[in-house]
Structures are given as structure tokens and as C-alpha cells.
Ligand SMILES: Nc1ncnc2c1ncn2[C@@H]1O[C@H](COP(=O)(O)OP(=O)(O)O)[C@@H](O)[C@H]1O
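Only one chain is given next, in C-alpha cells, and it is the form predicted on its own.
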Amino acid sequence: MTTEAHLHIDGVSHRYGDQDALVAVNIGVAKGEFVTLVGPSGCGKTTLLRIVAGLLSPTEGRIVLNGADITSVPANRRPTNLVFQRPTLFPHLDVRGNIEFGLKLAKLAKAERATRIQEVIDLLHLGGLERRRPFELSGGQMQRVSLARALVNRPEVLLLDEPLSALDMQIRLELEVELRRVHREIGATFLYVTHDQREALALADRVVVFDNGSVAQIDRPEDVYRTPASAFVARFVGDANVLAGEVISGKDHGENIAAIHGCPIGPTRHEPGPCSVVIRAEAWAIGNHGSPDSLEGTVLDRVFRGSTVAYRVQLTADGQLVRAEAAAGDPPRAVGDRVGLSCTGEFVVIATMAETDSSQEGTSD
């Protein structure tokens, strides 16, 4: 635990019967930091959020906030608030009444309540909606009211459990912008759960990737994307190609080379031997069949995405499917075309043992 940690999740494990939901999770969150927890369904991220909120007790470990152990503190006495996936507004109360509810429970003076309500209404652009009932609001407006109701209590830590997942894409993108702005303006600590890798990368100061109840990697979004710690992280965050390869000795003091099926990918600091090579779709150059130092394959699928074209290419050598991306202005390739793939961007070499040991770090070359 570092002295800078505002919130420290210290060795937390949780079991449902004989099933491990969380295994010895350690995460330190700095004051005012926006941290996203991302991973596939059932990996334990929502369980962890509920433990931090006080809605579940850990089987092992503790939750420390501002240096104090709050593991046994009831949820209603913790300086945290939880925003759920679907808005849970009181249908008989209007927007103002929903926002004010928690302040009344806390028995704040009327003048203080009015000041705080107006602050969050302004912050979340809810002006003009104060007298509407929940059934008169759009999905995005209801989620903003839920966020306002949480923020009006001025929590030290705001917990968000997939708050945008039930919304249409355009509304989600708009609310992502709002969340980043709100976080900057209020300076609270945000702990945000999502299974959407794009959302996790877009919002966070740091990303925590979960795999089967354990932390696979904690890092800045850029580093999780560019230097994944394991093949699992590479595949889950950004859906990278993870291909079996080998590191070939440079001999006579030359650089060692990472290769796939004998095709050189680029220099690496790793020692000679089997490895996995992580290559993002955008790192491939798609050339003609028979081009030197390229992997040969056949185009199985082509999807136009505006500024880019996404291809699925089946490698001739072993039948593996590779995702490759090209600029829309590049020479078009049709389904059935034979092509050559060469890596012209960043790649990562991961030792073979990293497939089963997520503590092994890959190296960007």
C-alpha cells in the first residue's frame, strides 16, 4: 500500500460457496483518480465494486479509505455512492425530489439542500427538467439524474457499475464526454466497472484488467493497449492478433529477431526460443501475394468502416485467422484475394509461459 493511495483494496478475496469470485486483489487508487475495472462477464469486477460499497463483505482482505479500515463499516455510513447499470429512480418523485431524497435522509438544512441540488443540476445540465417524472425522461436523462443523486451527497468515492451499457451508442458517447467533464470539475475518486474495452480506455486514468477473479494488468490505457502483460490482456483489450512465433538469435552480436513461420517481424530484446507475438490490426501492411518477408494468406472477409477497411485473412501456413486494417484509400482487396502481410507498426513479444502466468510482462519492440 502506498502513502498516496486514497482507496486501497488490500488482498481482497471473495467466494460464493466453493467458487472463487475474487482472488487476492490488490489495487491502490489515488485521490481524484478515474480507474476503470474491465474484464469479461463473471470475472469478479462487479463483486469487487459491491465490496467497496459495503454491500458485500470480503471473504479475505480489507478495504482502506484515507488510511482507515472501513471493511466493517455499513454501506450507509461509508463516504461512497453507487450508480447502477439501470437508473433506479423513485417513480412518484420528480427529478428534483429524486436528487433531494438522500439529502433529506441526512437531515441537511433546507438552504443547504437547495444549494447542493442547484450545483448538480448545473453540473449535469438538468436545468428545465426539475419537475419531470422519470417516465417523462429519456434513458440518458434518467442516468444523468442517477448520477446527480449520487454526486449531491458529495461522496469521496463514486462507484459506477456499467452505467452506460443500457443506452444507445450515440447517448453513450455523449455521456462519456459528460463523465470526463464531471470528473475533472469535482475531483472525486471514480471507480468504474465496464465490460466494454473501448469505454474503459476512453474514460480512465488507469485500467485494471480482470481475468477469472484476479488482476491481469493495471496500467495507463495507452500501456495496456500497447504493451499487454499477457496474451489474455492482448486479446481482450483491443482484440489483438496473438500468433505463435519464435525469437531467432541474431548471432555475431546482431539483434535477436521475432518471427512467425520464419517470416521476420522485427528486432526484440527477448532471448531465443518459442514466444507469442502480439500484433494489432492496424500494425499490418497488406501487400501483394509473394512479397518478400511477408506472411501469405487469403482474404476471407472485408468490412468498410469509413476511414478504414477491416479484413480477415487466413494464413496459408497454419490456417489461423488474422485481423488486419487498412486505410480506406489503400488499394482495395476483395474476398478471395491472396495477399502478403508484413508488420510495419508496434508489436509485443510475450514469453510462451505468459499464456498461463499473467504476471509476466510483454515487451514492446
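Because the structure is a prediction, the values reported are computed rather than measured. Start at 1 and count along the sequence shown; that's the residue number.
One more form of this protein exists, namely the form predicted together with this ligand; it is left out here, but the text below deals with it.
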Study note, to complete from the structure: Of the candidate stretches 305-313, 28-36, 42-50, 324-332, the one with residues having heavy atoms within 4.5 Å of this ligand in the predicted complex is 42-50
Review point. Quick one: is residue 343 in contact with this ligand in the predicted complex, heavy atoms, 4.5 Å cut-off?
Key: no
**Study point:** Residue contact check: residue 21 to this ligand in the predicted complex, 4.5 Å heavy atom
**Key:** yes
